[in-house]
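First comes one chain, alone, set out as structure tokens in the form predicted on its own.
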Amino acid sequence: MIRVIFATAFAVVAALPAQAAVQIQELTSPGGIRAWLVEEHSLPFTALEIRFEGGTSLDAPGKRGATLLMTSLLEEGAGKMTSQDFATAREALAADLSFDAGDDAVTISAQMLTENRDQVVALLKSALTEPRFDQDAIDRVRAQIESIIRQDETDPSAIAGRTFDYLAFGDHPYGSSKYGTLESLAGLTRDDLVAAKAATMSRDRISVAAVGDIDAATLGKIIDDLLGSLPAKGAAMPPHAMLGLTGGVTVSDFDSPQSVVNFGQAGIRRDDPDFFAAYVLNHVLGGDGFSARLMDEVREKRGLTYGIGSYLVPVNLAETWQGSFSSANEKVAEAIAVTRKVWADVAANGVTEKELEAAKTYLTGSYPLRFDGNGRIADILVGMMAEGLPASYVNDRNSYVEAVTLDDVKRVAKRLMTPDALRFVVVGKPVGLETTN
């Protein structure tokens, strides 16, 4: 089954002229796996993106870090190939294969020349269906992740992020690092990795996108060959996270001349009708550029930081509205006070017509710049699929931004923004600040 969507000129592969039209095809493979495809045959090259929903949030109890370790080992030998054999084969085929795991998904990216496509698909299939998980590879990759964990323990930005996540989500998987701890990582066995693969990589949670020199029939066969033998169902998804943030300050002592600050409150779901109004509102408040309210008040007018920003974070199982900055220890208390004041002012009064129009101009003008190559487009498409967006969103997205009115922004600011509920996590030696409940 193939349905063709005609997208606008900005959703183009790098090889196309700026005004060329493209077609996003929605297809279902003979084996029943959905995929989106943008055909572009001017270059003999294809990017393939595969996403399994669930990610590191599906780590089994007591096995934190298993999904990330498992994913990191998929290219460390498969079938009859050792780790070195696999790397040699990939290089000989001029293929780019990458495997990653985040809170919400395990992702696989493959970029390949048309002349080597069959061999690259066979190599990728071996990684997905016959990973070796050799003990020497496990020990080597585990040591690399242990090094990351130790570095994070002395990185104030990592400490701030980890502390904020725990305050926000507690014992939910979102509340802890996807790397696990030194203790949990040390306890993982090969059997745990096999179990993690079965839990996270199954046919009931796949999104696939391809961009480049390939047609729908060929893609359908490749998808079934690659993914058809995976388990039909994976582990049950965790529940929606209960947000535990309350207003106040949490100070984590760290010997540094400046403090790192993460702050946030409850956010908004991606499928909420008010999402685009909130998206535009956030850009005015703390988006890119020096004209954002927070940047203007905290940096430009007072010189309290080099940079400050805010961002909506609507992930699969939680919604937050977060921000961050760094400030000298003697200035951080004032920076927090100004941030709260700005938050309260926008909550009460909304934004100006000039700010709204500038935000919409930036957001609509910068959107085409995201579509800067086959791999990037495939990544965007698979993300859209995972979020339940229609293929026509590529065409319609800017119209959603343009439709936001000043009244929409004011209403959503009053609905969502709760300055008294902002939690600030401060890592450093801030002068005049202490933890408050």
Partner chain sequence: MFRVLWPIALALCAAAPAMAGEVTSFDLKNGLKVVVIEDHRAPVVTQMVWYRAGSADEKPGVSGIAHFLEHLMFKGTDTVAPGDFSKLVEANGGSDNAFTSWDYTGYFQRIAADRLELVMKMEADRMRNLKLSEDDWKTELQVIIEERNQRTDSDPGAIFSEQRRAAQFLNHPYGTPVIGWRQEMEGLTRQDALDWYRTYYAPNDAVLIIAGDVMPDKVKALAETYYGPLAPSEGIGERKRPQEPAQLSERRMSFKDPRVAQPYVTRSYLAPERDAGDQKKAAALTILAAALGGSSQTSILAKALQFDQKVALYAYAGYDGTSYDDTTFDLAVAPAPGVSLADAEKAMDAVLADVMKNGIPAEQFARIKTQIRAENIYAEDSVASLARRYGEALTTGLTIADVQEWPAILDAVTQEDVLAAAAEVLDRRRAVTGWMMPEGATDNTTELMQ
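Note that the coordinates shown come from a computational prediction; the quantities given were computed from them, not determined experimentally. Numbering follows the first chain given and starts at 1.
What follows is about the form predicted in complex with the partner chain, which we do not show.
Although the partner is absent here, residue 373 lies within 4.5 Å of the partner chain in the predicted complex, judged by heavy atoms. Taking the partner from elsewhere, residue 150 is found to have a heavy atom lying within 4.5 Å of the partner chain in the predicted complex.
Contact between residue 83 and the partner chain in the predicted complex is found at the 4.5 Å heavy atom cutoff. In the predicted complex, none of the heavy atoms of residue 60 sits within 4.5 Å of a heavy atom of the partner chain.
Just one of 269, 301, 233, 240 comes within 4.5 Å of the partner chain in the predicted complex, counting any heavy atom, and that one is 301. Interface residue among 274, 334, 134, 75 relative to the partner chain in the predicted complex, by the heavy atom within 4.5 Å criterion: 75.
Contact with the partner chain in the predicted complex, defined as a heavy atom within 4.5 Å, is made by none of 26, 188 and 322. For the partner chain in the predicted complex, the listed stretch (338 to 346, 274 to 282, 253 to 261, 310 to 318) containing residues with heavy atoms inside 4.5 Å is 253 to 261. Along 165 to 190, a non-hydrogen atom within 4.5 Å of the partner chain in the predicted complex is carried only by 179.
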